[in-house]
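Next up: a single chain in structure tokens, the form predicted alone.
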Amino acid sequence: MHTDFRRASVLPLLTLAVFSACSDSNAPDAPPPEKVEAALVRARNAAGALAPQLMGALGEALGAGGPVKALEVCQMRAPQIASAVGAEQQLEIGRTALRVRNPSNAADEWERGVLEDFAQRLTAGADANSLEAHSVEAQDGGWRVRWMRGIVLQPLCATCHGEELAPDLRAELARRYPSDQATGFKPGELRGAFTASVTIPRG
């Protein structure tokens, strides 16, 4: 099961991108490569910390109250967990997808392009662990490193995102998320991606 929430922002406001070529580390207005790599390490660490905490919270909720209880965790706990992880790594961290549960989590143009590329590569047989991309964008006072890593649906996640849902869960989804698009997935399919943003100041 994967939660749907937007980035937990703790700042004002990804390999050069396997997908995106919108940045060039050798360009005059580019951050030092070592700073880009440091930003990517922070993004990977944040995702590496976020995933097990979310899965742990969801597993506890499923054991205590079933899928309906897990929806409550998705809605309430997930943003809190993401906020804490983002604060620790000093970045923005969250998840997005092509088909979201909460419309506020919808991918922007760059994220959608990356997600579409991830889906094509996964279908073509790519290793799920290779689904990573980043870009570097100039902004006032520095640069913004954007990073994404694909997430494939795990068997546990099919409880709330799979093809067959319990009737009480369908009813609760309709109540909480009337525009839900995040069902009908099979384990191993692309569910979405972690998405992070790190600011590199100039100087």
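In this text, all values refer to a predicted model and were calculated from it rather than measured experimentally. Don't overthink the numbering: it's just position in the shown sequence, from 1.
A second form of this protein, the form predicted together with ligand HEC, is not displayed here; the remarks below concern that form.
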Problem set entry | ligand HEC: the contacting residue among 81, 131, 91, 74 in the predicted complex [heavy atom, 4.5 Å] | 74
For this session: Quick one: from 55, 166, 38, 138, grab the residue that has a heavy atom within 4.5 Å of ligand HEC in the predicted complex.
Result: 55
Exercise. Within 4.5 Å of ligand HEC in the predicted complex, do 46, 50 and 148 each have at least one heavy atom?
Worked result: no
Exercise. Heavy atoms within 4.5 Å of ligand HEC in the predicted complex: does residue 143 have any?
Worked result: no
For this session: Tell me, yes or no, whether residue 100 is in contact with ligand HEC in the predicted complex, where a contact means a heavy atom of each within 4.5 Å.
Result: yes
Exercise. With a 4.5 Å heavy atom cut-off, would you call residue 30 a contact of ligand HEC in the predicted complex?
Worked result: no
Exercise. Which residues, if any, of 105-119 lie within 4.5 Å of ligand HEC in the predicted complex when only heavy atoms count?
Worked result: 105
